[in-house]
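The form predicted alone is given below as one chain in structure tokens.
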């Protein structure tokens, strides 16, 4: 939600939230609500800022809140039995976070870069969802998309080569950021995080990126900006 002025409503942590001016409203779940219904949402909303590396919530913590990411990027993670953190996804502005069917979060969430979220207490948000079926349908649709993405991730980890995995990751990020030929893909996560997510060594990630640059598929003016020279070729590289 936008927290820069406007006729907002004070959230529980005192930060004014103006749902009508939310920069991601068109792509967030709150876009399901009509303008006259936004006051209900604003009354249960509170803005929160996260520094890079700050944890929003840990896996297994009580699921008291749900969130919309309004700026920055978050990574989702699970903790393995030996204490390692396995990255399971990256979230972009407009993504919804934290709706759990149990009493605790099934994954943790951490800011990749400085980020902002809009927080909703879970119980009043669920009540709002029941009063407005369009909001509930939107969340169900997003849950279905997440299931499809999880199935694609299983294919990526199980059947694709390292080169195909890196290309698949980049192509998926292009789709999510609406980047085409000549566009700049923002990749603020580290190479280590990418490797962890796609099940590949960090050295392999760097090597494949360098190869794709030499072959003209990509260009990298900075470590965290990738220019897509040919989305068609990148898509082809992603196919097993």
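Numbering follows the first chain given and starts at 1. Source: prediction; values computed, not measured. Heads up, when I say rigid core I mean the largest set of C-alphas that superpose within 1.5 Å between the two forms.
Missing here is the form predicted together with the DNA; even so, the following discussion is about that form.
**Prompt:** Can any non-hydrogen atom of residue 227 be found within 4.5 angstroms of the DNA in the model of the complex?
**Reply:** So residue 227 does not count as contacting the DNA.
**Message:** I'd like to check something about residue 192: if you look in the model of the complex, is any of its heavy atoms closer than or equal to 4.5 Å to a heavy atom of the DNA?
**Reply:** Residue-level check for residue 192: yes, a contact with the DNA.
**Request:** Answer with yes or no whether residue 79 is in contact with the DNA in the model of the complex, where contact means some heavy atom within 4.5 Å.
**Result:** No, residue 79 stays farther than 4.5 Å from the DNA in the model of the complex.
**Item:** Contact label in the model of the complex: residue 162 to the DNA, heavy atom within 4.5 Å
**Value:** Residue 162 belongs to the contact set for the DNA.
**Prompt:** Considering 54, 186, 210, 175, which brings a non-hydrogen atom within 4.5 Å of the DNA in the model of the complex?
**Reply:** Checked against the cut-off, the match is 210.
**Request:** Would you point out which of 200-208, 55-63, 177-185, 41-49 contains residues with a non-hydrogen atom within 4.5 Å of the DNA in the model of the complex?
**Result:** Every other range fails; the passing one is 200-208.
**Item:** Post core alignment: residue 85 C-alpha displaced by 2 Å or more between the shown form and the other one
**Value:** True for residue 85: a C-alpha shift of 2 Å or more.
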